[in-house]
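This document starts with one chain, in the form predicted on its own, laid out as structure tokens.
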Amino acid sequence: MRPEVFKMVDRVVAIDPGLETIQCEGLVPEESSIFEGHFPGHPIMPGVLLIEAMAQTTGWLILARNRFEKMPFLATVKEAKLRTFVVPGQMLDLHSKILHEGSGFVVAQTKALIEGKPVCNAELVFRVLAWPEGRMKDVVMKVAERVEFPVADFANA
């Protein structure tokens, strides 16, 4: 995990064959510039970055569902609950499940666990659109390799 550059998912662990759920993981780094101000002497992962980790997990699932033909953009965070502090060195077990898809939107239920215990959860809504102009899709495909996303199983050739 490199939160200072918004790389929140270290590895895609599993995607179910029906493309309804995904599991990822992200190791909160021992040291990061985000901890300098959050909080000095008592470093904790900012809640907004926990939500980002859940959003990125869901993003990988949405990319798989549409075979990398469109890009998901976080649109709404609903019912977010931050249950406990997350500190450097902890491994986040990230899960997402699609609840609804239609009219260019996807709704998902997400959660993060540490050692099987809930840390946070949220319902997230994404807008799914054509890729923006430029190299964004190429960059995402390179990140997919880094996080061990099984691109060959899901991307259109």
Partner chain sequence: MSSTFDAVANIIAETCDIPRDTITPESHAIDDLGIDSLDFLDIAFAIDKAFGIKLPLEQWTQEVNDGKATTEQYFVLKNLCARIDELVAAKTA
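Residue numbers count along the first chain shown, from 1. Since the model is a prediction, treat every value here as computed from it, not as a measurement.
Form predicted together with its partner chain: not shown, discussed below.
Arg127 is the sole member of Lys97, Arg67, Arg127, His38 with a non-hydrogen atom within 4.5 Å of its partner chain in the predicted bound form. Between 54 to 62, 113 to 121, 98 to 106, 29 to 37, the stretch whose residues reach within 4.5 angstroms of its partner chain in the predicted bound form through a non-hydrogen atom is 98 to 106. At a distance threshold of 4.5 angstroms between non-hydrogen atoms, Val87 is out of contact with its partner chain in the predicted bound form. At a distance threshold of 4.5 angstroms between non-hydrogen atoms, Lys81 is out of contact with its partner chain in the predicted bound form.
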